[in-house]
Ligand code: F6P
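There is one chain below, alone, in C-alpha cells, taken in the form predicted on its own.
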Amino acid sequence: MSAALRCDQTRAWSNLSTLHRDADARFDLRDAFAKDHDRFAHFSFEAEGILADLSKNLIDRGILDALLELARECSLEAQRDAMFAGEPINVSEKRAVLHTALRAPPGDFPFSAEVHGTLNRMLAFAESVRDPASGIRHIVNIGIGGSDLGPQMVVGALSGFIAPHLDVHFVSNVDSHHLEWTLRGLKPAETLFVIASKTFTTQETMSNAQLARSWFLSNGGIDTRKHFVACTTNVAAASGFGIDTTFGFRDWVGGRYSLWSSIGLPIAIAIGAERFRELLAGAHAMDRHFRDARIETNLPILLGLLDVWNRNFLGFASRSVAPYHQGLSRLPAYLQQLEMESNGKRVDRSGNAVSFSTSPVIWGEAGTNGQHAYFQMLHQGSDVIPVEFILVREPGTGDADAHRKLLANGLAQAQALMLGKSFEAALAEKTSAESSAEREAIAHQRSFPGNRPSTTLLIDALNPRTLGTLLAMYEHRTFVCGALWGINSFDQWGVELGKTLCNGLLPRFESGDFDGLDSSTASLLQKLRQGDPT
C-alpha cells in the first residue's frame, strides 16, 4: 500500500476547520429541522438491515461533503482495499489484518481452506457438546480481553437462542473470587472449561485455568482431557496442561477481532453451528458493503467520518452508547476495547506524534437503566457528549407492550437531547415557589440547553445475522477512524507495558526487594506485604 496522507495534511482538513469556525455556536438542530423538513431523509443511511439516522448530529450538507473529500484525500478506499488484500497493514508487527477472512465463504479470501477446516472442526465439536447425551450442562470460558469480551457479549445478546439445558459462564478477572463465585454449585462431571489464550501464557487466563483444574480434580473430576479444551496456537503447552482438544488461529487475528475465530467456540456451543454460521454471514454481508459501496452511501465510512468531525472539530472527548435492548447490555464494554484499544494512540504509523485527538472515551449502559443513572449529565451537564442510541424494532421473546415502552423511551431521549426546554417554558410551569426570584431560580434548574447531538441505529430484530452485521459495522468504523488519523489500529503496546511491569513486581512480593522502585510503588508494595505498621 502506498503512503496515504494523514488527515491533518489535507486540504479538506483546512476546509473543515473553516466550516467549523463559521458554524460554531450558530448551528442549531432545531433550526436545521425547521428549515429542512426532509432532513431525516437527507441524513439517514441504510445498509444490510441497519438504518443509521445521522440527522440529529451537528452537520449539514457542506460539512458532510467536506468529510467525504477528507476520505478521498486520505486514500481511505486504498487503505481499505489493502486490508482486504492481506497486506501487512499492522506495520509495527508486520502482520496482515484478516479477521474478515474468518467469515468469508470458502474460496473468497487467503487462507480459506485453513479457516474453513478449523471452523468445520470447531462446529462439529460444538455440536457434540450441545448434545444432551454429552452430559455437559455448564460451559466455563476462561480468557481475558478479546477472548472474553466478544464471546461474552455475543452469548448475552443471543441468549434466546441458547440450548435450554446449557449455561455459559465467563471468567476473566485474575481476582480468584471471579472463578470461585462462578463455580459455586457446579459439578465437574457436567462442566466443560474453554481456555482461550492464543499463546497459552496470558497471566490472568493461565492463573484461572490452573485454579479451575485444581477445583476440577479436588471435587471428584477424573479426566481433564474430556473436560478442558483450548483455543490456542500453542498446542504443546496445552498438552502439557492436560488438554488434547485444541483449536487454533493465525497471528493475523487480533484479540479484539477474534470472536469470529475459534475464540468463538463458547458462542458456537451456546447457539449451535447453524446459527454461528448465520453470525458469520451477517458480518460478511457488512464486509461486502464496506468493501464495495461508494463512500457516499458506505455506512462504516460515514459513521467514521462523523466520529472524526465530533472528535477533532467539535472537541467531544467521549461518546455514550445506549443500546435499548437488554441483550446488548455488554456491547458498550465490548466497544470500549474495540475502539479505545485500537485507536487510543498518540503517534502515527511512522512514529510521529499527532497534533490532534484520537479515540474518544466509549462508555454506556443499556436503556432505560442509563436514564436513571447518568442521563442527567447528558441533558444538563456542562460537557456535550454525543449519544448513540441502538433500537431493535421487534421484541423477540419479550413482552410487546414493555418493548413499546422501551422504544418510546429511546426515541424520547434523543428528542429531548435535541429539543431541550427553554427558560421561558420552564418558567411557565407550575411550582411551589412563592417569590418571582425563587420561580426564576427553579426555572433555570428545569431548563435544558438542547441542541445536543445523537445518532440512532435501528435494526429490525436481534438475531445471529443482524448481530454479526452490527459488530462488523463497528469494526470497520473503527478502521476508518484509524486510517484517517494515520495510526495503526491493530497493535496495543500500551497493554504490553503494564504486563511487563507486573511480571517485574511479582517476585518482589516474596523477596521484599524495593531497589530501583519509585518511592510510591515501593511504599505501597511494603504496605501490601506487611500491612500498615501504624
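Please read these numbers as outputs of a predicted model, since none were measured by experiment. In case it trips you up, residue 1 is the first one in the sequence shown, and so on.
Just so you know, the form predicted in complex with ligand F6P exists too; it's not on screen, but the next bit is about it.
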(message) Take the pose in the model of the complex, superimpose it on this chain at the site, and classify the pocket for ligand F6P as open or blocked using 3 ligand atoms within 2.4 Å of backbone or C-beta as the minimum for blocked.
(response) open
(message) Is ligand F6P in the model of the complex close enough to 147, 256 and 341 that every residue in that trio has a heavy atom within 4.5 angstroms of it?
(response) yes
(message) Within 4.5 Å, heavy atoms only, which of 478, 492, 488, 469 is in contact with ligand F6P in the model of the complex?
(response) 492
(request) Sort through 152, 197, 454, 358 and report the residue having a heavy atom within 4.5 Å of ligand F6P in the model of the complex. (result) 197
(message) So in the model of the complex, is ligand F6P close enough to residue 172 to count as touching (4.5 Å, heavy atoms)?
(response) no
(request) Flag residue 202 as yes or no: does it have a non-hydrogen atom within 4.5 angstroms of any non-hydrogen atom of ligand F6P in the model of the complex? (result) yes
(message) With the partner left out here, check for me: in the model of the complex, does some heavy atom of residue 42 sit within 4.5 Å of ligand F6P?
(response) no
(request) Using a 4.5 Å heavy atom cut-off, state whether residue 499 contacts ligand F6P in the model of the complex. (result) yes
(request) Could you tell me which stretch in 139 to 147, 410 to 418, 161 to 169, 101 to 109 has residues with non-hydrogen atoms within 4.5 Å of ligand F6P in the model of the complex? (result) 139 to 147
